[in-house]
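Take a look at this single chain in structure tokens; it is the form predicted on its own.
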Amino acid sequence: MSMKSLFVDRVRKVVRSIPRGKTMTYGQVARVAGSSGAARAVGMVMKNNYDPTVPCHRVIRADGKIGDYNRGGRERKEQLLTEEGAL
């Protein structure tokens, strides 16, 4: 297995562990996944994630803004986070 696929697997595992109603930043996900400083890479993993078991809408920017969402845009991400009580 390549280093890239190991990183992607670790990121997905971390994101799957984010409880409903909670969020993590891209940087926090990177640190927990063992790749401190890889926040942008986490963003790319989330951008290309279409696995419904990975709640990528729970990953937000460090400045508190919610960022983009590949499954319905920013408005849908905000709606999901509001429904879950994270906003």
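All residue numbers are counted from 1 along the displayed sequence. All figures in this text were calculated on a predicted structure; none of them were measured in a lab.
There is also a form predicted together with the DNA; it is not shown, and the following applies to it.
At a distance threshold of 4.5 angstroms between non-hydrogen atoms, S36 is in contact with the DNA in the predicted bound form.
Within 4.5 Å of any heavy atom of the DNA in the predicted bound form lies no heavy atom of L81. The DNA in the predicted bound form comes within 4.5 Å of no heavy atom belonging to R12.
Heavy atoms of S17 never reach within 4.5 Å of the DNA in the predicted bound form, leaving it off the interface. Scanning 6-30 for heavy atoms within 4.5 Å of the DNA in the predicted bound form gives F7, V8, T25, Y26, G27 in sequence order.
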